[in-house]
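Let's start with one chain on its own, the form predicted on its own, as structure tokens.
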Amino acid sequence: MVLKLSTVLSIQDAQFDAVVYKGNIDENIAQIAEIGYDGVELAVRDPRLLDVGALERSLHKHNLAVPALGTGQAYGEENLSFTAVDSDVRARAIARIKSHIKLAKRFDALVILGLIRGVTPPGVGKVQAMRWLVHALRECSEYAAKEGVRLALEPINRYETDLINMIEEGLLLLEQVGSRYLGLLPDTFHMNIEEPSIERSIRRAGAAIFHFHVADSNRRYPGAGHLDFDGILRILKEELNYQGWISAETLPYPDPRTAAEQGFARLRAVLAADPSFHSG
């Protein structure tokens, strides 16, 4: 089995800090390839603002794949969300994700649904917020199915949203939506906050795992905190036969290159320590 490694590059300006690289697209793509990553996860606020041709040429030049597109910046920079009180904002959030789906199809990538879900708005009950969320996920999943693109919902910790913090909540939501094109994206940083056991939660998610984010307990690169990545990756491979990507979404601490190199070195060491592991 091949486990492939990627890291995150934000290709548009954003306030969100937990990405290793921002801006300087060609230069950063070259550096990511030089370090040894197999791919680059792209954080994209608005696909309409991209020079897709130039991006494709840079990726091809450096032989990097795109496993996933992040969408959270549409929430962070523009306040678009599936659970906004304003129905026009909700509709624009759905339309934005559909544009991500079209771009993802071009790259043979999946689309990440993180903070675009929003939060329960003031004056609105959580039941209503969840109705809006389920409606949006069904519409996006139907569109994704037509395009042959998968969506990955990321459970996020309670300090960032009150909607879907844990793997179990994510699994229940998948049942409500009822689409085989919608799965989960576990993130070790968020799991360390919310899950009683990261290992048990990964096992519980099982085949619903479409993509996997790694960051250490302090949201720095793997190896900078106390999480057991040997055990985590072993569960993914040996117990779940996970076939997807391992993508580092971390703070650029102490600087982007060091974070990317140290994270890659730690993950690669885990893979190399077990002969049944292979990175592309």
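One-based numbering along the sequence shown. Values in this document were obtained by computation on a predicted structure and should not be read as measured data.
Below, we turn to the form predicted in complex with a small molecule, even though it does not appear here.
From the list 168-176, 187-195, 122-130, 100-108, the contact stretch for the small molecule in the predicted bound form under a 4.5 Å heavy atom rule is 187-195. Interface membership of Arg219, defined by any non-hydrogen atom within 4.5 Å of the small molecule in the predicted bound form, is confirmed. Of the heavy atoms in Ala136, none are within 4.5 Å of the small molecule in the predicted bound form. In the predicted bound form, the small molecule sits within 4.5 Å of a heavy atom belonging to Ile156. When the small molecule is considered in the predicted bound form, Asp162 lies well away from it, no heavy atom lying within 4.5 Å. Residue Leu115 is the only one of Ala84, Ala205, Leu115, Val149 with a heavy atom lying within 4.5 Å of the small molecule in the predicted bound form.
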